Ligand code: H2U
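Encoded as structure tokens, the following chain is the form predicted alone, with no partner shown.
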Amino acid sequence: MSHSSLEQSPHRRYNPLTREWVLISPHRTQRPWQGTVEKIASPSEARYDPSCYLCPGNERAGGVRNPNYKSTFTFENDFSALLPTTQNAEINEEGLLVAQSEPGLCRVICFSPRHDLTIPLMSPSEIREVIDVWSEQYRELEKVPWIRHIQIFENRGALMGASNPHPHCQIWANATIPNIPERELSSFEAYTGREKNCLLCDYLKLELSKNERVVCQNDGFAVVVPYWAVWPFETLLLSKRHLGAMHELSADERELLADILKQITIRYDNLFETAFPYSMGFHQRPSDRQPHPAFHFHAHYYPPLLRSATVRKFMVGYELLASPQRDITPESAAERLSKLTGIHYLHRNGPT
């Protein structure tokens, strides 16, 4: 069966990063929608919000007052999911009741003092400042002897659990390697051992040659809708040069990363002309003082919107009990994203 024939009928695709399958059901895009319709908040028009606990000079929920910061601002999360003071403890009853204590560090990075800015609305130089902070934080946290993994991630929009609309992200640094990065590391190492090359280097070469799922690219990075995508407009951001962590990027590559982050997030906002919600995170080699040469620096974007700014995908039923599933093919999603203009919909009549 040809690729085109397969793509029109139910089929499953293999994710070589997690070594799992996803079910594709393209014929289901015709079904009527009578499910939940979400309310999406409009972008903030206020540069400063006196009630926002992340704006400069304001008091945070924990009682600490923010400095009057002028660019980025990093602080220890007032309500950390992980604590560095957690004492070692372990339970193992017949291999069935198993638990281990998990120390860690959690930080928040405000991208800008302006309450109304998001990555797609920031200038490349402003995004570059954020990238420099991400890199500095990774370098600082990897020096902590017991830290083995550093996760930088952004939840954008209340739909994705963001508790505050002020532009910010989080860093969680674990004493262990979490499930998904551990699976990816295992897949990278298995592929390199078998093929004597990098999994994502080979995958990117294939995607660029086919040009069916490429959304945008520059000299340093490419964004594709992965062949195995689960979320409707999921994308994978890949460095064109093989490297393991953000601090290994050259000065020019940091500029290019700023450019590609702006490109993909503008396309997301333009898709439904809304402040597009998503969860995004960088995957970098573990910080366990091992080289991990097989690991390839990349980022995942997981946006929930399906048909419009108010209809989202839910992981329920079959997906919770059996396997991930999607209706829109990755090829059609990539086509829609790639055709969108690189000018933000709020700036069509000039910057505000």
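Bear in mind that the values here come from a model prediction, so they are computed numbers and not experimental data. In this text, residue numbers run from 1 along the sequence as written.
What follows is about the form predicted in complex with this ligand, which we do not show.
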Q. Picking from 238 to 246, 164 to 172, 132 to 140, 256 to 264, which part of the chain touches this ligand in the predicted complex when contact means heavy atoms within 4.5 Å?
A. 164 to 172
Q | in the predicted complex, the one of R60, K313, R285, H298 near this ligand [non-hydrogen atom within 4.5 angstroms] | A | R60
Q. Pick from Y69, Y53, Y318, Y48: which has a non-hydrogen atom within 4.5 Å of this ligand in the predicted complex?
A. Y53
Q) Hey, in the predicted complex, does N155 get a heavy atom within 4.5 angstroms of this ligand? A) yes
Q) How about D78: is it within 4.5 Å of this ligand in the predicted complex, going by heavy atoms? A) yes
Q) Just to confirm, V108 within 4.5 Å of this ligand in the predicted complex by heavy atoms? A) yes
